[in-house]
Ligand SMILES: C[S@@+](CC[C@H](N)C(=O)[O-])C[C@H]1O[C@@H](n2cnc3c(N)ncnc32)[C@H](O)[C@@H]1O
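Before any questions on how it binds or moves, here is one chain, the form predicted on its own, in structure tokens.
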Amino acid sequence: MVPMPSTPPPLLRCPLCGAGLNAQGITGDAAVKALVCGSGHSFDAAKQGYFNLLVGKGTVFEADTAEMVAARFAFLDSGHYRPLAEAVAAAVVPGVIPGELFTVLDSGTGTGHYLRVVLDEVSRATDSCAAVALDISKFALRRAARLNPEAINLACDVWQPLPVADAAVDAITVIFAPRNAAEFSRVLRPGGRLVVVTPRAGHLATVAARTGMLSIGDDKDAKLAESLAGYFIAESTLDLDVRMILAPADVADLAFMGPAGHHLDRSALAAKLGTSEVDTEVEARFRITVFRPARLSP
């Protein structure tokens, strides 16, 4: 079994009844074995280290497949997007108060690589840090739980009410993931920050042209602002360009790890890329926007 947190999780709530979730199985150095609410609803820990809080009739949102997750893990583990992870961490840490508990919610955590860097940076500023990581893909959460065993890794649908208590987190990170503005506003503490990463026009254009990846529309910023309107106000924006020289295998992973992976066949993709061993120069274009709550209090 993958190691799991040995301390109580941040304030969580039951996805069935909304009551608070408490950790069971904490004795000395023992790991959390289950999350249980006062109404008796119980969610056991999977052997891979995460908790499945998906309930109801399901979701229309398509979870990443095992193959897509494997491609993302290989690409991110190679460090190609490390500058992005460091920039996200730098956007989070100004909210840390040394000596006080700082709680991070990573919505759409994927393989957990970005959260890993955020937690490492936060731990340098305070010795009290907690994290909740959300994703709908069990394949992603298996890897995220291994990379971030101190976090509470939860399978849930971000479009449903989040299994997090009101005003329970200090920072939310959303990196290429859906944004539920109303729920983010509810769980973020007054004065907290929402850090959102979106691609800019021209992002991965070289690879997109060769693989059939979706292009980035010019209205991306307008859609971001619209999705958060009424709940959050943009405080700062940072544009980050990352130039990479990628081997053919890295290019294939990059194309397959994102939304295009849902409609791309890996073998067909390899055929498109050909057998050439020539490296490809690629530029990733990111926009990191820090938002603050539109209202400081309910």
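The numbering used is simple: start at 1 and walk along the sequence shown. Computed from a predicted model, the values in this text were never measured in an experiment.
As for the form predicted together with the ligand, it is not shown, yet the points below apply to it.
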So if I measure heavy atom distances to the ligand in the predicted bound form, which of the stretches 170-178, 88-96, 183-191, 119-127 falls within 4.5 Å? 170-178
Taking heavy atoms and a 4.5 Å cut-off, does Ser137 contact the ligand in the predicted bound form? yes
Is Pro199 near the ligand? Define near as a heavy atom within 4.5 Å, in the predicted bound form. no
Is Thr109 close enough to the ligand in the predicted bound form to count, meaning some heavy atom within 4.5 Å? yes
Can you tell me whether Tyr114 touches the ligand? I mean in the predicted bound form, with a 4.5 angstroms heavy atom cut-off. yes
In the predicted bound form, which of the listed residues (Leu224, Leu147, Leu204, Val158) lies with a heavy atom within 4.5 Å of the ligand? Val158
Partner contacts for 70-90, taking the ligand in the predicted bound form and a 4.5 Å heavy atom cut-off: Arg72, Leu76
